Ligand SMILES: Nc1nc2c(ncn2[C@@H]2O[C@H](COP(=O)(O)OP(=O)(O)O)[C@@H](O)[C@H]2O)c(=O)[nH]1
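Listed next as structure tokens is one chain, alone, in the form predicted on its own.
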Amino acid sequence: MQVGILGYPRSGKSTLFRALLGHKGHHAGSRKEGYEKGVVKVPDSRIDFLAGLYQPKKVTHAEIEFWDSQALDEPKAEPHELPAYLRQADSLVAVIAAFNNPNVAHPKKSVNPQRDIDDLNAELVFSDLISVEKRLGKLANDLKRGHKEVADEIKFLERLKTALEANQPLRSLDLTPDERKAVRGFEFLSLKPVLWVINIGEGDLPRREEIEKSFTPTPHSEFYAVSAEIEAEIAELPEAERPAFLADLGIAEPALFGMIRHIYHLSGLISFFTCGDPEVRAWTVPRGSKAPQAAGVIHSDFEKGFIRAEVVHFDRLKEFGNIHKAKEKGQLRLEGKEYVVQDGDVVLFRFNV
């Protein structure tokens, strides 16, 4: 999974990126397109428990690749030309400055998170509007040449254009699965789920939940308040010292943990596990995936030759202590092709190719 991080200058975007890499992550270099890349292991206490239970030779966490994009330029009259590579991201994290620091001047001369959210939303919308208008121009020419089959696409894109001209992000539209499939190739920015990270000062940490609730929820977007500066300090500490530092500040967990939960929720993702002596591993699939599709994430042959899945939920496995007792209690189930994999399932796939 790839997540693009964007924001205005001095929002704390890059500080947060570096802090994320301090928690089970590593810098994966940069590309000529102009962004830094970092890969972070998805923290999950369930896989840690399973590793202790099975004592495998290898433990593999799910991973998220974060892209720290170039900061948008100083404010200007016209919208920015957003980096093209952001369109390839699965979701977005937008970092919004909400801290007052005399040593860090806000590029818009004042701290106003809601204004910055509105402005950044407008940037995403404008970028998509340009794409829609270009496509409509081409389709109009096709229609003039007698290609009547493009009429339905024109009608659909005109609907999107109307929303965008009203400064309405595409993520707020109630698109059908078929419509979402039809626009996949456009890689619309305002259609991507977005986590608005409200970067607060240390003094506002006790008010995190209050600050998050002060923003109006919108479809496929959520708000999460963190202090990037504090998170960077936490990331620099030895791992053994972090819990005490967090407790002193009244922080339940590093920001990475909460951010990933939000990203998974926004993106409609769940985790399931495969366990054995060679490896305990977490896998990520879209919510609603059936057993053969989940098997295909491991290997295409698993999906093609799927026979059945042996399933026990993590909670039951933990409750009974091992797979044998879970089976004795009737918690190990045989599931077929129509079974919808649940978050936390521990699965053994049977297949034949």
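Predicted, not measured: the structure shown is a model, and the values here were computed from it. We number the residues from 1 along the sequence you see.
What follows is about the form predicted in complex with the ligand, which we do not show.
Stretch 98-106 is the contacting one of 116-124, 98-106, 251-259, 268-276, since its residues have non-hydrogen atoms within 4.5 Å of the ligand in the model of the complex. Contact with the ligand in the model of the complex, defined as a heavy atom within 4.5 Å, holds for exactly one of A94, V132, I234, A228, namely A228. Interface residue among I200, L164, V194, A89, judged by heavy atoms within 4.5 Å of the ligand in the model of the complex: I200. In the model of the complex, the ligand lies within 4.5 Å of some heavy atom of R10. Within 4.5 Å of any heavy atom of the ligand in the model of the complex lies no heavy atom of Q331. Contacts between stretch 140-169 and the ligand, counted in the model of the complex as any heavy atom lying within 4.5 Å, involve no residue at all.
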